[in-house]
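What follows is a single chain, given as structure tokens, in the form predicted on its own.
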């Protein structure tokens, strides 16, 4: 299915819906291919190529919205899909804030597509996954099991047309590698992982992925609990990003309007340390979740949500913006033609500071460097309370010393944000979210 053909089909669906009585209508087309390769012991264990394409249509009729989708692009199926959307609208409740965005003046120029990825022979992609595995094994004989060494890539085309003048499309592609492994010694097992995803094949460093995963597992061998204490806690970028992942839904206007946000009623207030600036940037250069427009055809934007500790904004799609009398921030999130747009993040991150991580750790006489948390999903995004298992390394006299496991850290996310007294310079992204090393001045650590 060419982009032109998908665009023409989307246009026809909108015209059909309008002709059948819709007040407004929108067709969203997606055409994608995904390749994944897993290797084990130097040979390909699995290789999958999945293709997905289809169109979803939203219609609005007398304040009611209906939705339907199809992956059958025959004329008969498209006609039936329009009819289902119109029928669904009749059963939905009226909501005067439902509607579609108008035509944008311009879209930002965002580099989302490297056509070279699709042209690289599959043999080179297999070799990349093999190199990750071989590098990890070569780091140390205690690396006993490579649970997963993989390469994956995706190429997609997004098309959106609505009755209000939106008529746009773009192509995207990304690729990356991943390792997950086990180190063993004296009957003890510890795991390690690493990943790297980007917009170009040459940007993936398989040796770095394998080496990093192995070193993460090895440094945890011999881990023991700590005694309970209150002490400074340093979060490595991966763990800091997991905390951000819990905060992200609370920074959407959807959560605020439903009374499910930790930050409701706090706009304009200081809710974090001055070192903390959190941004969502849908047009960030070089990131795989960047795009010229969101899932509704609204131009993406850079939104500073928390600026030097002050809560400045929430993320909006067209619906939440209309409800609040605001403008959409271009965060109508839509991963497939099978669903309607929600409010979601794009490239969501805590801005880097200027201090190297070693410097943040070097100032601590006795503390805890957290490299892994367990049970982060149990944190309450409304109250902000959390209690999670943690593992990492003991900090003594400004240095990382022995591995630690079997402890818990607990607190409240608002206290966590206000307690940050150091932000590292090492901003690291994990797909669509990123954070640098963060240091909390003091937290409760429950140990042995």
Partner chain sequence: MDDLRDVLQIALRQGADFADIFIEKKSVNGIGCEDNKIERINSGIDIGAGIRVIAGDSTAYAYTNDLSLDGLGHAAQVASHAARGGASSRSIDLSRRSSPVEMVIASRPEQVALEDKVEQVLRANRHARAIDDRIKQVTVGYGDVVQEVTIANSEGDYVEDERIRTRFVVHAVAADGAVIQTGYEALGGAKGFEIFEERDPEALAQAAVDRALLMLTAKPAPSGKMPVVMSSAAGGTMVHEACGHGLEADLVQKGLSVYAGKEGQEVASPLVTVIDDGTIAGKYGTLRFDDEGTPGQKNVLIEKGVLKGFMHDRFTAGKDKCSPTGNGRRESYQHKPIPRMTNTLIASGDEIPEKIIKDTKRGLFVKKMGGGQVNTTNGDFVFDVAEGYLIENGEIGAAVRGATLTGNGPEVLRRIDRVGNDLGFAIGTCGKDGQGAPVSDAQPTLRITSLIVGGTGAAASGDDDEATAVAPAGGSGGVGGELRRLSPFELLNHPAGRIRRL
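Note that the structure is predicted; figures quoted are calculated from it, not measured. Numbering follows the first chain given and starts at 1.
Missing here is the form predicted in complex with the partner chain; even so, the following discussion is about that form.
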Completion exercise
For the partner chain in the model of the complex, the stretch among 99-107, 79-87, 302-310, 129-137 with residues bearing a heavy atom within 4.5 Å is 79-87
Problem - the partner chain in the model of the complex: contacted by all of 147, 225 and 377, heavy atom 4.5 Å - result: yes
Problem - Among the candidates 208, 142, 338, 267, the residue which, in the model of the complex, approaches the partner chain to within 4.5 Å (heavy atoms) - result: 338
Exercise for the section: Identify, from the list 182, 118, 221, 274, the residue with a heavy atom within 4.5 Å of the partner chain in the model of the complex. Expected result: 182
Exercise for the section: Although the partner chain is absent from this view, report whether residue 418 comes within 4.5 Å of it in the model of the complex, heavy atoms only. Expected result: no
Practice task
Please check if residue 151 has a heavy atom lying within 4.5 Å of any heavy atom of the partner chain in the model of the complex.
Solution key: no
Practice task
Give a yes/no on whether residue 366 approaches the partner chain to within 4.5 Å in the model of the complex, heavy atoms considered.
Solution key: no
Problem - Contact test in the model of the complex: residue 402 vs the partner chain, heavy atoms, 4.5 Å - result: no
Practice task
Can you tell me which bits of 406-429 touch the partner chain in the model of the complex, meaning any heavy atom within 4.5 Å?
Solution key: 406, 407, 408, 410, 411
